[in-house]
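Here's a solo chain for you in structure tokens, the form predicted on its own.
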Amino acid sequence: MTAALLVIDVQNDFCSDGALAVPEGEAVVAPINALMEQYDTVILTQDWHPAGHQSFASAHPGKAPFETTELAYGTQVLWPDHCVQGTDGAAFHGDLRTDADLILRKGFRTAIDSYSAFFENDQKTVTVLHGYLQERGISRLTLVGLATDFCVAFSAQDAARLGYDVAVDLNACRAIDLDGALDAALTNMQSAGVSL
């Protein structure tokens, strides 16, 4: 039980017709469901924003989605309102298996975004994930889900920095690819020691 499957943000708002749709986002569901059979430990993450979250363009008058702004922790891409707590958009895709060992909600602090499953975007505020994995004796992680170039990549790089043996299964991921973000994310993951 030293290996876990970490499934990142396979939620309605990141699939077709969602508020922040990732191209072909729902295509990851079937391969992820199949991969779950190969792991004793499965962890799902869920983007879980309060209304008015500071990463939303709507919280910044005069700003549009995909522009950037400076927040206390650095440059923040401003997103369309998405994955608002308790909405259908925040729910897992209806065909995704949710019989996981842990469901980790992230991005619930109004003033700070959270791409990584391990740290908020300030790179200081931790989630419970690292402690949970250590307690379970898990040292190897395979990451899948949405989106390759944001939450998957940030989670994978943080996991590698924390000392895990990390792989990303690109067949079970899809990217937003905002302004060439996918190529940059793949390069950054490889530089961090992540297997693709």
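Residue positions are given as counts along the sequence shown, with the first one as 1. Given the structure is predicted, the values throughout are model-derived calculations rather than measurements.
Just so you know, the form predicted together with a small molecule exists too; it's not on screen, but the next bit is about it.
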Which listed residue (Cys15, Ile176, Ala172, Ala185) meets the criterion of a heavy atom within 4.5 Å of the small molecule in the predicted bound form?
Ile176
Contact with the small molecule in the predicted bound form, heavy atom within 4.5 Å, among Cys151, Val42, Val166, Ile32 goes to Cys151
Proximity to the small molecule in the predicted bound form (heavy atom, within 4.5 Å), stretch among 24 to 32, 135 to 143, 42 to 50, 158 to 166
42 to 50
Can Leu129 be called a contact residue for the small molecule in the predicted bound form at 4.5 Å between heavy atoms?
no
Should Tyr115 be classed as touching the small molecule in the predicted bound form when contacts are defined as heavy atoms within 4.5 Å?
yes
Examine Trp79 and determine whether its closest non-hydrogen atom to the small molecule in the predicted bound form is within 4.5 angstroms.
yes
